[in-house]
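Shown next as structure tokens: one chain only, the form predicted alone.
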């Protein structure tokens, strides 16, 4: 006997799954920010080998599909005898992918600071670390906020691909609920609305921050 699902049952199950989408997005974004910051310092530092490593890392993760990275994190480690849960493989792959993009976004923001700021701080006998800490990074941070917030939308949407390795987040739950209810229009309509509810505030915040920071920069 087939179980009857009300519209509320469908929505409730999708909202429960959306918690995992939000959690995975937060873990990936925070972890990606930390790794990305380390890659950024390698990329803009003076050590040639670290710069090459950082550049290679960025090109590798930007130049290959996220789907393939998820497969390698989940199945690749399994081939060498490491049993990786789907949620861990998803978090690892998304973190490394996020780090590559954030490092490149932030590198552009650092390089957007005019050369005169480097020269002025150098004339004050500041070392490289002091220049970065007190002069360059505070200014680059203002430029970086809007694109960083904007990229968080891509992280949220990227979590949908983790369903391919069995991680049950919003899109995977949508497929499972559709198979149980045979109501794809209603189910995926709700899925789209939930993704929109998650992503639209982030996109709007990015636009508002960009306008405000641009105005502040011009006034300054």
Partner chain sequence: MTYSFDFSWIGEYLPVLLKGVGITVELILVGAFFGVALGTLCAWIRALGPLWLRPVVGAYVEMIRNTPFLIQLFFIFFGLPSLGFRMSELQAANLAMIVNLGAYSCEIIRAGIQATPRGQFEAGASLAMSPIQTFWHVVLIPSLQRIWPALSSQIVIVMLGSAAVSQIAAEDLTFAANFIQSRNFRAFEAYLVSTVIYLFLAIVLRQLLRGAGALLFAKRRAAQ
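Positions refer to the first chain, counted from 1. Given the structure is predicted, the values throughout are model-derived calculations rather than measurements.
Beyond the structure shown, there is the form predicted in complex with the partner chain, which is absent from this document and is the topic of what follows.
Quiz item: Heavy atom to heavy atom, is residue 163 within 4.5 Å of the partner chain in the predicted complex?
Solution: Residue 163: yes, in contact with the partner chain in the predicted complex.
Practice problem: Examine residue 72 and determine whether its closest non-hydrogen atom to the partner chain in the predicted complex is within 4.5 angstroms. | Solution: Residue 72 belongs to the contact set for the partner chain.
Quiz item: Counting only non-hydrogen atoms and a 4.5 angstroms cut-off, does residue 37 reach the partner chain in the predicted complex?
Solution: No - in the predicted complex, heavy atoms of residue 37 and the partner chain never come within 4.5 Å of each other.
Exercise. Answer with yes or no whether residue 177 is in contact with the partner chain in the predicted complex, where contact means some heavy atom within 4.5 Å.
Key: Output for residue 177 is no: heavy atoms all beyond 4.5 Å of the partner chain.
Quiz item: Looking in the predicted complex, is the partner chain within 4.5 Å of a heavy atom from each of 23, 30 and 108?
Solution: Zero of three within 4.5 Å in the predicted complex.
Quiz prompt | Contacting member of 50, 168, 44, 153, with respect to the partner chain in the predicted complex [4.5 Å, heavy atom] | solution = By the 4.5 Å criterion, the partner-contacting residue is 153.
Self-check item: Residues within stretch 184-201 having a non-hydrogen atom within 4.5 Å of the partner chain in the predicted complex
Solution: Sequence-ordered list: 184, 185, 188, 189, 191, 192, 193, 195, 196, 199, 200.
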